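Just one chain follows, in the form predicted alone, and it is written as structure tokens.
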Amino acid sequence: MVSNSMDYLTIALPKGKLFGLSADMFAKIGYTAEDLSEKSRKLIISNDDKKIRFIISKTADVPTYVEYGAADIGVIGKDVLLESGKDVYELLDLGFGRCHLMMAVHKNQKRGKLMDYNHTRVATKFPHIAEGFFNSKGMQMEYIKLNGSIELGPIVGLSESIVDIVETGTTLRENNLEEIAYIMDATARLICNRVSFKLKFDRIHQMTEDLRKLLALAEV
């Protein structure tokens, strides 16, 4: 399925930390709409002159909108994209929103080596990524899916460890947690619906190349 109008290019932007960076990035290459704001009461904001629509979406829903063609293009963190398992094209690493996924434990419960946590409970927003990581280490874990305050897991005895994203590590330190295993880096990615990529190839290709040039200039 493809976004409901062939005349428009529909872009899904995630609420939260990536929204402003994404909107600014698109504006620099001419993709704008009046009153495009995360705080807007409108969930769809259009620029009819340029035939662009922006969908303001909850972060975790962006890959779904793109996979099913409600949006042609989306911006989403690599961590959320991998966890979603959605069938989309990944067009470009946008470089911002950098963080990494890791395993952490309470400092008072730290064990000698990673395998010592085998057959224990891990709290996480990313059970699929976590399972892939631990399987690669030959470990069997019990996964407890949480949607917020993952750090509480070891503190209240819900789990022995957590798998979560880290930017600065401040939250870990404030809760007496320590990172013990690196899993992967994550940055914002430009993703595309597979059918849209074929039917709207010229516009999507031009956008991608414009963004690629913008990113190259930023590295100079």
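Quick caveat: nothing in here was measured; it's all calculated off a predicted structure. Start at 1 and count along the sequence shown; that's the residue number.
From this point on, the text means the form predicted together with a small molecule, which you will not see here.
Q: In terms of non-hydrogen atoms within 4.5 angstroms, which of the given stretches 86-94, 110-118, 144-152, 129-137 touches the small molecule in the predicted bound form?
A: Heavy atoms within 4.5 Å of the small molecule in the predicted bound form occur in 144-152.
Q: Could you spot which one of I183, A186, V166, I180 gets a heavy atom to within 4.5 Å of the small molecule in the predicted bound form?
A: Result of the distance check: V166.
Q: Within 4.5 Å of the small molecule in the predicted bound form, do we find a heavy atom from each of K28, R53 and Q206?
A: Verified in the predicted bound form; spot residues all out of contact, no.
Q: Give a yes/no on whether K125 approaches the small molecule to within 4.5 Å in the predicted bound form, heavy atoms considered.
A: Result yes; K125 sits at the interface with the small molecule in the predicted bound form.
Q: If you check in the predicted bound form, is K17 within 4.5 Å of the small molecule, heavy atoms only?
A: Answer yes; at least one heavy atom of K17 falls within 4.5 Å of the small molecule in the predicted bound form.
Q: According to a 4.5 angstroms non-hydrogen atom cut-off, is T170 in contact with the small molecule in the predicted bound form?
A: Yes, contact at 4.5 Å.
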